[in-house]
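In the form predicted on its own, a lone chain appears below as structure tokens.
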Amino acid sequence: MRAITVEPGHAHSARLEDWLEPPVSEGAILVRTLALGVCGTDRDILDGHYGSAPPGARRLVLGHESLGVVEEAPRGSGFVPGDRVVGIVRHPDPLPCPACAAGEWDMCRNGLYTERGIKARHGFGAERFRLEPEFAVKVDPALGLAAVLAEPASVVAKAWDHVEGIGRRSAAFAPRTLLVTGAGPIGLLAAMIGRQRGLAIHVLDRNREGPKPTLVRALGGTYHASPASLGERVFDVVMECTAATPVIVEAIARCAPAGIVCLVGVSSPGGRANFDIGGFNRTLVLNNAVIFGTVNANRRHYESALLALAKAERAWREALITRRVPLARWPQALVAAPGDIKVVIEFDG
């Protein structure tokens, strides 16, 4: 079979190559790949900034946003041939830590977790891969190709889960407004789930035209191409999805009293900005505000993400996929292009 592989730590080392069939030790369920989503994490790995191969291996099979169809599954696993599935990315550490032992490997406390296509475990960018039943999530075929959005949507589902958990600190928490900074896949999915919760949606992004403003307006949201257009508004919930230092500062400044800021983007080290930490502390304390970070997801977040995708209008969720690239032209998918939201490599003809 063929697989897209990379040598972590070595820029521009990706290639499509013949690869061994996945061994049963990687999971009892054999899956034929239909599609693979591409994101910024993949590009960081391709640039040599991130990622690690499995122990004893030099190369890593790329890809963590999966969609496939079951070819083989053991009796009693809950899966049968023909089921469409996505794979859960993060796996618990072998010890395990208290969070991993409780099934919340996304909250691993000792950093010994592994991640498909990212850290010490091969990804889904091969014509076939294997899954353990507990790390396979069944998807409704009616979602079509949009089911490949399950992984990024799971990250946002977790963010909302934690926002609402934090909000329960006060019986009066009843958010009405949401600001999302960044209109990439994560930002748009955050806005989608916020809209499904009945919040008034505002999205800040630098694109003045193209699919992003259109998709925000289709949600009934307000699109802002610059911070100035936000005026003096503050928001009950802010989801920061750009990881850009100046935008993070802007996002924090837009938090309403008793509001919550969720940092979803992962920044590169070294970003600097003039920031009044004393004034920030004063505002945070006196306003009972909360700022927290989140990454990855566990099984329940994948399941709630799929429910949210199913609730979205079909045309809207399908419009998030702006480029579909066949496997034969896979390098094109790994280079960002103007107007991209989600780029997908199609393995199945």
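Quick note: we count residues from 1 along the sequence shown, nothing fancier. Please read these numbers as outputs of a predicted model, since none were measured by experiment.
One more form of this protein should be noted, the form predicted together with a small molecule, which is absent from this view; the next part is about it.
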Check each of Ile201, Leu204, Val261, Ile118 and return the one that places a heavy atom within 4.5 angstroms of the small molecule in the predicted complex. Ile118
Checked Arg254, Arg90, Lys212, His122 for heavy atoms within 4.5 Å of the small molecule in the predicted complex; positive is Arg90
Answer among 55 to 63, 311 to 319, 25 to 33, 291 to 299 for heavy atoms within 4.5 Å of the small molecule in the predicted complex: the stretch 291 to 299
Given that the partner is absent here, does Thr41 sit within 4.5 Å of the small molecule in the predicted complex, heavy atoms only? yes
Close approach of Val155 to the small molecule in the predicted complex, 4.5 Å, heavy atom: yes
